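Only one chain is included here, represented as structure tokens and corresponding to the form predicted alone.
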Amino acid sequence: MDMNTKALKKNAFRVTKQRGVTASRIRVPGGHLEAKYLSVLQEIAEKYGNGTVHITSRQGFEIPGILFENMPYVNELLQPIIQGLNINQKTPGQGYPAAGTRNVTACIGNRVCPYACYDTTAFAQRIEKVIFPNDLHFKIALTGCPNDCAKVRMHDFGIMGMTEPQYDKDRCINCEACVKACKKKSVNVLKTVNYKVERYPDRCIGCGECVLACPTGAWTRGEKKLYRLTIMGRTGKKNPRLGEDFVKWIDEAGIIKIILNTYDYVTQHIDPAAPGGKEHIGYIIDRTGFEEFRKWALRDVQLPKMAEVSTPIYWQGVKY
């Protein structure tokens, strides 16, 4: 059976090493879904696949062993999952309308983890609604705190939860539990002065260890959700590297606007001769220069007063 592989991939099916056989990719923004949908995956795998399901590195699922002619039936069965996860879709029952922007991944967040500064799943799903569908190849990951369990510095955009800790000196009993926690577990930005605690805000990474350690509630998390945005981490054969800090103490609206601006930047500067019509954002920045990217990325972005923008940025990494 002949197949337009470009159309196949755009419908979120994979080209496999076996002729006439594909694999279905299932998006799970934020890595969280209701357990009832697992039975749908089982039905597809057993009825149209080879009976197995692969859990991908991007927190989605891949069902291998699907014949080309069975793709329409698989798309119909996927509809409850697509609809249940509120994923943007052009025509119900015809599967995913794009496969370029990869599944938005996230750690478990503050729904479960005491270290997390925000609800990673909710923010991942909000990002999903504004970026998908799109054929450009972006990788975005979210982590609840600087522990970075989601390895966000290996992505085009890494979103790391921060909190501006609030200190109530009247509740402080000078036990120094926060000072010790910051010294042992974080970056040592607290000290005791006249039996009260002082924080060096210019060095604080917003991890919240002081909040967790305080037995009296003298330290609390700030009400406003703030983040560290890292950019242009990547794996791959050519020059793998970790992402670098772009903006610290940024809010959700600023992050989303920067991501959307980057789609415009890539559309303007992508190499039309790039293999498969795709070029990694980091390579485009290497070619155009960071300041050109920065100009596009920060266009019309309203940053909080405390936000810190890094410029210029130089990436390290393995070079071949």
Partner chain sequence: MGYLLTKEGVNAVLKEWAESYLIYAPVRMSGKGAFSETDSIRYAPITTVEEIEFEKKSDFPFKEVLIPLSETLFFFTEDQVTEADGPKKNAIILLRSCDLHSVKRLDEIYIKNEYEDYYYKRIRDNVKFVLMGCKNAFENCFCVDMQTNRIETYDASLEKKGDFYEMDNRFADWETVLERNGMSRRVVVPSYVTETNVHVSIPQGLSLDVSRSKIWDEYDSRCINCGRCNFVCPTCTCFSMQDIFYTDNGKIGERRRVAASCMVDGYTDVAGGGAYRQKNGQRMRFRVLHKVYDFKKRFGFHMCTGCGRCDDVCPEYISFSDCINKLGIAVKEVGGHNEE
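Keep in mind that what you see is a predicted model, and the values were worked out from it rather than measured. Positions refer to the first chain, counted from 1.
Quick note: we don't show the form predicted together with its partner chain, though the next part is all about it.
Participant: Just to confirm the contact call: exactly one of 210 to 218, 77 to 85, 131 to 139, 232 to 240 touches its partner chain in the model of the complex at a 4.5 Å heavy atom cutoff, so which is it?
Facilitator: That would be stretch 210 to 218.
Participant: Counting any non-hydrogen atom inside 4.5 Å, which residue from 110, 147, 186, 125 sits next to its partner chain in the model of the complex?
Facilitator: Comparing distances to its partner chain in the model of the complex, the residue within 4.5 Å is 110.
Participant: Of 196, 224, 203, 90, which one comes within 4.5 Å of its partner chain in the model of the complex, counting heavy atoms only?
Facilitator: None of the others qualify; the residue that does is 196.
Participant: Considering non-hydrogen atoms and a 4.5 Å limit, does its partner chain approach residue 244 in the model of the complex?
Facilitator: No, no contact at 4.5 Å.
Participant: Under a 4.5 Å heavy atom criterion, is residue 114 part of the interface with its partner chain in the model of the complex?
Facilitator: Residue-level check for residue 114: yes, a contact with its partner chain.
Participant: Heavy atoms within 4.5 Å of its partner chain in the model of the complex: does residue 96 have any?
Facilitator: Looking in the model of the complex, residue contacts with its partner chain do not include residue 96, since no heavy atom lies within 4.5 Å.
Participant: Would you please decide whether residue 118 lies within 4.5 angstroms of its partner chain in the model of the complex, comparing each non-hydrogen atom pair?
Facilitator: Yes, residue 118 is a contact residue.
Participant: Relative to its partner chain in the model of the complex, which residues of 129 to 162 have a heavy atom no more than 4.5 Å away?
Facilitator: Read in sequence order, no residue approaches its partner chain (within 4.5 Å, in the model of the complex).
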